[in-house]
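One chain comes next, on its own, written as structure tokens: the form predicted alone.
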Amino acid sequence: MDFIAVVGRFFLGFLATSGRIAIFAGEGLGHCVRPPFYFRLIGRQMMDIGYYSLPVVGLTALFTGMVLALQSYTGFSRFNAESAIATVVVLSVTRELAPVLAGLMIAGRVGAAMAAEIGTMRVTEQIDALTTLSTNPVKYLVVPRLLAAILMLPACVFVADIIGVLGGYLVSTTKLGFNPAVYIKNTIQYLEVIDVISGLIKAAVFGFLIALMGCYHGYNSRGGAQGVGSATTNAVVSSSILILAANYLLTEAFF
């Protein structure tokens, strides 16, 4: 009976947390379409989430494309199918690797910062001060981050697509002996619009999840500095898990 009680408590706690997150997400999305709009805050968050994340996203995509080309060559050379490397690289990067890896990297960089910043405001009672000044804290703190993440993640992933394919091209033409013109032809020939669009839609969903988890855990943090640290860790872990789960669901829906 003790085991059943533990499982029951865990399940009920999971349902309660899921309900609180759903209510928080609904409140945030509701405020996204109702004025006032803090365009200066949205612009600043777009810079923080998008522009300042480009170096880490670009490096991740570059080395991923390079490694993917090498690994594909190692496997396909056993079946004399080296000509398919260009197709495998471009489809893998645009459909799967660029959105997921960019989402995970930005979750570690931006999601943790969101949780730490809002959590610090919570434990130092700055959020209560906003309420006292007749400013809705969700509208002021959460909505700019949600909108900026939804808008900037697809832009970062589009850049990662280009850089990832470039990495595969560089390795294939300089190290593996591929003809540059033939490699580019194979890359373009089998790439369809839905491959790129599906990755960008995934990126928008991942951006929403990253901002939601960072804001939720920071907004509900308790217990001083230790609570802020726990909120930061929980934000990164939960957003990473949700990204992987949502990636499967979206992939099944698209393909």
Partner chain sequence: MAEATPKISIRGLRKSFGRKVVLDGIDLDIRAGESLVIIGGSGSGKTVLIKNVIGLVSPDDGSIKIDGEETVGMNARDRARIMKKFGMLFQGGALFDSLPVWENVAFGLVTEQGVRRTDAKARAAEVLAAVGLAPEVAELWPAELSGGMQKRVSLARAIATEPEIILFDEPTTGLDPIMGDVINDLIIACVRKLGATALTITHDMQSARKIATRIAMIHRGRIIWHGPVAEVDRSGNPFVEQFIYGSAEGPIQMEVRRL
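Worth saying up front: this structure is predicted, and the values here are computed from it rather than measured. Residue numbers count along the first chain shown, from 1.
In what follows, reference is made to the form predicted in complex with the partner chain, a form of this protein that is not presented.
Asks: Could you spot which one of Asn80, Thr132, Thr174, Asn179 gets a heavy atom to within 4.5 Å of the partner chain in the predicted bound form?
Replies: Contact with the partner chain in the predicted bound form is made by Thr132 alone.
Asks: Looking at Val88, Met121, Leu147, Leu101 here, can you tell me which has any non-hydrogen atom within 4.5 angstroms of the partner chain in the predicted bound form?
Replies: After the contact test, the surviving option is Met121.
Asks: Would Arg40 count as touching the partner chain in the predicted bound form under a 4.5 Å heavy atom rule?
Replies: Although the partner chain is absent here, Arg40 would touch it in the predicted bound form, with heavy atoms inside 4.5 Å.
Asks: Would Tyr140 count as touching the partner chain in the predicted bound form under a 4.5 Å heavy atom rule?
Replies: Flag for Tyr140 set to yes.
Asks: With the partner removed from view, which of 181-189, 153-161, 122-130, 69-77 is the stretch that lies within 4.5 Å of the partner chain in the predicted bound form, judged by heavy atom distances?
Replies: Stretch 122-130 is the one.
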